[in-house]
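Single chain ahead, written as structure tokens, the form predicted on its own.
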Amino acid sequence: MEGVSYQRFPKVKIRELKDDYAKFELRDTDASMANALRRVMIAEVPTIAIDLVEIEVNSSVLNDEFIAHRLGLIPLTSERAMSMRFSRDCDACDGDGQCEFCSVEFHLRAKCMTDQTLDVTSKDLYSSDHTVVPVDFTDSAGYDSSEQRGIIIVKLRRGQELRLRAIARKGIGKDHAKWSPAATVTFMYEPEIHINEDMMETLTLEEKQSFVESSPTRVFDIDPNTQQVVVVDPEAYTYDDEVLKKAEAMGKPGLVEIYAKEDSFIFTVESTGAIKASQLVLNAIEVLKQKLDAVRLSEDTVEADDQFGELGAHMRGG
């Protein structure tokens, strides 16, 4: 219909925020936009990960390929990933992927000189850029900071040695999972639960208790003062329909009505530590905006071709 606008203005409300965890509401949008945001967070927000490993000496029990694979999966702090260049697009090194604009160099040298097993960890990786280092899990894992523990790469016995050089580059999870900044990203429709109070009054206290216990998650409870069934945590509902089946089995269909708000979503985001969960969401929104701008530009290009024909394509070099 001419003159009608379908533009919407999504709103975000933060529920919980930690360095590696975020829970927020996304309202006034639809499932396509929510799923697009989820997919971008998982697969298209860039991070930095080890992509090339040159082994000089390896007398450990693990072969070279195994160690290279383990190195690639170590999350690296990636706050500057958005401003770095992709190695394939870097004109400073002609796509070689080994210059300061598109890569970071790491070195590792470890040799066991005692009878005690030596743990070679991510703490032993020395970076050429102090802003790109292996993620430190000391605090979150509950270790004493004096232990200086990192992610174990390999264990060495007396006389065994590992020396290598590694190059870390910018990438996205769509190319390889080691570049994904998200441990998990999920969203659910916000449930809206209505109890038929008149029908609930016809139940005995034992029936009410049986109804409350039919939910696998603690969605309902009984108020100790009024003996009424109340909704204590609507977001705990997992759309399993157990309470609806229980109501029908009790001969009380319609005892409770549960709807999914189709324009309201609850997101849970867990980061690998490469970037903070809050920054992961912001970077995903920025990437999504860039993709939408590209779509808008392509539509404008099609309109220009319709208007100017071969002249427009010629001016773009087509």
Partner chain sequence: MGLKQEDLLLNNNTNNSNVSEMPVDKQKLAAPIKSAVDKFQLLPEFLKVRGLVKQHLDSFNYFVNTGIKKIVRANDRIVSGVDPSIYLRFKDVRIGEPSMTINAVSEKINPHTCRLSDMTYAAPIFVNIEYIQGSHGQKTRLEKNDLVIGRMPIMLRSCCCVLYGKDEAELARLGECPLDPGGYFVIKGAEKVILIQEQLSKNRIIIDADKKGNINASVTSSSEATKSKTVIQMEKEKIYLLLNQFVKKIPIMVVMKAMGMESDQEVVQMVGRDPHYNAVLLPSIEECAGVGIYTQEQALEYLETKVKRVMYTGPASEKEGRALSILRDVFLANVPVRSNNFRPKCLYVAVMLRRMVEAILNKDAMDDKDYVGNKRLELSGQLISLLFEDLFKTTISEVQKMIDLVLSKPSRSSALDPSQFLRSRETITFGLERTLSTGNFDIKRFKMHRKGMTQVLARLSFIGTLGYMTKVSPQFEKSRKVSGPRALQPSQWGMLCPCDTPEGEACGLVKNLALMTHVTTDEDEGPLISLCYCLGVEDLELLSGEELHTPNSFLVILNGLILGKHRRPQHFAVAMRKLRRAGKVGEFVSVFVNEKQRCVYIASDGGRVCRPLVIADKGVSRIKEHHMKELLDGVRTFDDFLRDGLIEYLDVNEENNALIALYEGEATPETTHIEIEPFTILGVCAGLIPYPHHNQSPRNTYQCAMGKQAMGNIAYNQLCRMDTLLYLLVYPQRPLLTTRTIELVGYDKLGAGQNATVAVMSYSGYDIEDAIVMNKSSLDRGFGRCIVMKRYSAVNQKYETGASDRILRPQRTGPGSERMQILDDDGIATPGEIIRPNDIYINKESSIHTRGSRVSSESLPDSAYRPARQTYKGPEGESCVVDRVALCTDRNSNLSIKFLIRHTRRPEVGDKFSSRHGQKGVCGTIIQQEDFPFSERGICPDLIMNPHGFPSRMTVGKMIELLGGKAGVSCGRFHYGSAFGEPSGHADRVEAISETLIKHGFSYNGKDFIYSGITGCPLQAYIFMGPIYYQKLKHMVLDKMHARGNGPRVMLTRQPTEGRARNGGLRVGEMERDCLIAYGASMLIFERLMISSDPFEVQVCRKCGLLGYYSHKLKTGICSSCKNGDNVSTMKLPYACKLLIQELQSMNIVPRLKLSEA
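Numbering follows the first chain given and starts at 1. Please read all numbers here as calculations on a predicted model, not as lab measurements.
As for the form predicted together with its partner chain, it is not shown, yet the points below apply to it.
Exercise. With the partner left out of view, is K276 within 4.5 angstroms of its partner chain in the predicted bound form by any non-hydrogen atom?
Worked result: No - in the predicted bound form, heavy atoms of K276 and its partner chain never come within 4.5 Å of each other.
For this session: Examine S59 and determine whether its closest non-hydrogen atom to its partner chain in the predicted bound form is within 4.5 angstroms.
Result: Flag for S59 set to no.
Exercise. How about F66: is it within 4.5 Å of its partner chain in the predicted bound form, going by heavy atoms?
Worked result: Taking the distances in the predicted bound form, the answer for F66 is yes, it comes within 4.5 Å of its partner chain.
Exercise. Is L282 close to its partner chain in the predicted bound form, meaning a heavy atom pair under 4.5 Å apart or at it?
Worked result: Answer no; every heavy atom of L282 is more than 4.5 Å from its partner chain in the predicted bound form.
Exercise. Would its partner chain in the predicted bound form be within 4.5 angstroms of a non-hydrogen atom of every residue among A43, T184 and D241?
Worked result: Affirmative, all three are within 4.5 Å.
Problem set entry | Among 194-202, 211-219, 162-170, 99-107, the region lying within 4.5 Å of its partner chain in the predicted bound form by heavy atom distance | Looking at the partner contacts, the answer comes out as 211-219.
For this session: Only one of K261, R39, K291, R27 comes within 4.5 Å of its partner chain in the predicted bound form by heavy atoms, so just point that one out.
Result: Selected option: R39.
Exercise. From the list V133, M188, C93, V230, which entry has a heavy atom within 4.5 Å of its partner chain in the predicted bound form?
Worked result: It is M188.
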